[in-house]
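Okay, so here's just one chain, in structure tokens, the form predicted on its own.
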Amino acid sequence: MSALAKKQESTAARLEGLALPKGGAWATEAREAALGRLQTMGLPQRRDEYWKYTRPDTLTQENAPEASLFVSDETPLFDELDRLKIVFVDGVFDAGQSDDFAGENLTIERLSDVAEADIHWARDLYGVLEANGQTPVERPLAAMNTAFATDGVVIHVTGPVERPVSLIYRHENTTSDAILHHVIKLDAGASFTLLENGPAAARFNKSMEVDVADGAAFHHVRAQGRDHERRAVTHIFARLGTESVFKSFTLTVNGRLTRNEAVIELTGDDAVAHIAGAAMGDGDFLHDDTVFVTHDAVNCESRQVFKKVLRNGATGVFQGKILVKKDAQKTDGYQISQSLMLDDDSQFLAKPELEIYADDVACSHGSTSGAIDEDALFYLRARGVPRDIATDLLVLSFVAEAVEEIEHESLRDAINTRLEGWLERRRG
């Protein structure tokens, strides 16, 4: 039996008993198309090129592995910020804990409601960016998400929005298996900030499609929850218009298996796309960032900045690619992935790529792994700083380049405070 036949057989077994959610004509058509893509590709296997560093078994098996709940007296992230809160518990919208869906220049609806409508603007985006993102690299878990997601938010931004929208994911069932799909559309000249935090479920499959029109700006800050036994696969598909801005930062602390994929397409001249992340792993921890940025317009800028701090056998993975098409002259593409190893048992696996067909570009990539700088550590200790505190200061300095990608100072401060708390707990 061929490898493809084996994949399709295991996919059929996984899908047995699953039914597509009911909805209006456009939603049904999009879900059926996604299911067709999934059945053709098959669910990922370890032998697939973009899964060779990360075992997908627990993301594709029939039932979610059990994940014990994490109890903490720590103040929830972003709690001190003025924000519009939307809460999901194990992938199910909780109206009682959420704020009213109301805001200036902002319309928010639930996917479950929108999908029932015969006509809605979301039909031009739902599953569309995901389908485009399947080439040249297949992303079957994203197709599965489009096919079977029953809920999420659909957000239309028509102008500047000052107050961030905060998606809060709570985990209360040790075997929950959540699938959420968000669709976000920014009209020309609009600006919007989206926050996400929380562990979400024992196993979490989330996709987000973001359409950023000409002159619009989308800012995204995400913190993935501290439940150590959770597993998650997430996808962001973004399309950028002329002079638009897309900036996304993700903090990951703990989690047995996390794979974050981002597929960004710059289709308008002078667009800017920055995607960054910081991961802190201890013990049985695997964190995978897989990024694909396509430059398909003139004078665009992209940055990929990823830092991972690993110890006690933790594993970090980075797969990042910049594709510059023939007419994308004056492209500025930058990619850096680095790991800081706090012991000899951890590992960092990196696959940086550039594929360039234009001749007037400035593109670079780099990837390094290393230990704590002993000279810097000696310098701090010689000035009376205890070794463990000095190590933490150097760790914070190491991840600072990624955190600085967050444009809003209050959000940067919140992330830095959370990082300091993680290090302090490990020190204790």
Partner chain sequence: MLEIKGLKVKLEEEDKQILKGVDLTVEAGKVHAIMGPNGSGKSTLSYVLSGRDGYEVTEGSATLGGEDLLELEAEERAALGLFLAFQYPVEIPGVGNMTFLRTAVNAQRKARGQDEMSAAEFLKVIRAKAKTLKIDADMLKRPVNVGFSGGEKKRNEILQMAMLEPKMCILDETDSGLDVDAMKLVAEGVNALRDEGRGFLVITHYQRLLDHIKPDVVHIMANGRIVKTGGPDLALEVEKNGYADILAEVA
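Just so it is clear, the structure is predicted and the values come from calculations on it, not from any experiment. Positions refer to the first chain, counted from 1.
One more form of this protein exists, namely the form predicted together with its partner chain; it is left out here, but the text below deals with it.
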{"property": "Touches its partner chain in the predicted complex: Val361 (any heavy atom, 4.5 Å)", "result": "no"}
{"property": "Exercise: Gly366 in contact with its partner chain in the predicted complex, heavy atom 4.5 Å", "result": "no"}
{"property": "Close approach of Leu380 to its partner chain in the predicted complex, 4.5 Å, heavy atom", "result": "yes"}
{"property": "Touches its partner chain in the predicted complex: Glu49 (any heavy atom, 4.5 Å)", "result": "no"}
{"property": "Partner-facing stretch of 394-402, 65-73, 39-47, 26-34, counted where any non-hydrogen atom is within 4.5 angstroms of its partner chain in the predicted complex", "result": "394-402"}
{"property": "Residues in 358-390 close to its partner chain in the predicted complex, defined by a heavy atom within 4.5 Å, in order", "result": "Glu374, Asp375, Ala376, Phe378, Tyr379, Leu380, Arg381, Ala382, Arg383, Gly384, Val385, Pro386, Arg387, Ile389"}
